[in-house]
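Heads up, the chain below is alone and in the form predicted on its own; it's given as structure tokens.
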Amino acid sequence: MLTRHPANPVLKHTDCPFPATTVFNAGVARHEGRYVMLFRNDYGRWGDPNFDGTNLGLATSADGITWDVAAKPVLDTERARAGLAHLVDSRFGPEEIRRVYDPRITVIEGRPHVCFAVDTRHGILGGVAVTDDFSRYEFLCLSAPDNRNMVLFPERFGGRYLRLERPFPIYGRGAPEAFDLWASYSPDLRHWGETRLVLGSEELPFVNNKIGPAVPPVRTSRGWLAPIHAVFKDPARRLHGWEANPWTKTYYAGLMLLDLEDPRRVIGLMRRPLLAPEAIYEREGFRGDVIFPCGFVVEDSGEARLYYGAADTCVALATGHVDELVAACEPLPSR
């Protein structure tokens, strides 16, 4: 279904002209005639799970394969604290914001919008920002805790914006960490509501742990094509990685098809993984056996490019044809 690009990984920490250790979970989009990648960088010492900090780097490309990384990170914790100050109660101080990470890019009406995760002293939040140059960001909103993995649709529906998201409540249903995929509407990218469950983790036969959004969905003639992340946990299996805690989760890329008019309705679902960890750069790194989709670009030719974080260590690329991906989503009964 997908073919790994022979240039993989397409972005590594050694490609960065600034301190970098793991570069992954990068938003990727086409904008103004070029490919743009906004990537997470956890920096410290190679092989040491105790990082010194996190920032976001910027890379651009003419072909989406060979990337030029900007000389400096474009967003770090200090700048994020300044930009988010109007959204955080001042009595908690700037230290309330611990880091901003895992960006996802959606171009809406010609402007890049970025969803991101925010670690705070009172929980993990999801946020939305808009930028024109990927250097300066206008932070629009923060969610209630705990929520993350947010992605925006590139179009409005009845004048409203729509995002996919993954809340992760402490008191989940059934098994621990049985997290699911939800959607919310907004009139202005600041106020969100009409939240609805889109897909439950129990609906995927290769998952026993959690699912969630991964990349901004792409419009096709048959529906919105949306790669997702899907997790299987096996406590008896220790995977290859240098994270401090035992790592027992395998992350896959999954795939669903959403209704064109009401994208909160799943109309097709791939019953097996779209992409499973096999290559060495997917199986060994900071966290072994991890594939996390983060960018999805469909070319005019129909070529579908899926960018993904591999082993929470680097960025890789796999390609296929959009028609084959749509056809792989088995129709679901009316929901």
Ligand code: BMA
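From 1 onward, residues are counted along the sequence shown. These figures come from a predicted structure and were not determined experimentally.
The following text describes the form predicted together with ligand BMA, which does not appear among the structures shown.
This chain lacks the partner; the member of V290, L56, L274, M37 within 4.5 angstroms of ligand BMA in the predicted bound form by a non-hydrogen atom is V290. A residue is said to contact a partner when one of its heavy atoms sits within 4.5 Å of a partner heavy atom; D312 meets this definition for ligand BMA in the predicted bound form. Using a 4.5 Å cutoff between non-hydrogen atoms, Y251 counts as a contact of ligand BMA in the predicted bound form. The shortest heavy atom separation between T22 and ligand BMA in the predicted bound form exceeds 4.5 Å.
Using a 4.5 angstroms limit between non-hydrogen atoms, W247 touches ligand BMA in the predicted bound form. With the partner omitted here, the stretch from 24 to 32, 66 to 74, 45 to 53, 262 to 270 that lies within 4.5 Å of ligand BMA by heavy atoms in the predicted bound form is 24 to 32.
In the predicted bound form, ligand BMA lies beyond 4.5 angstroms of every heavy atom of every residue of 82 to 98.
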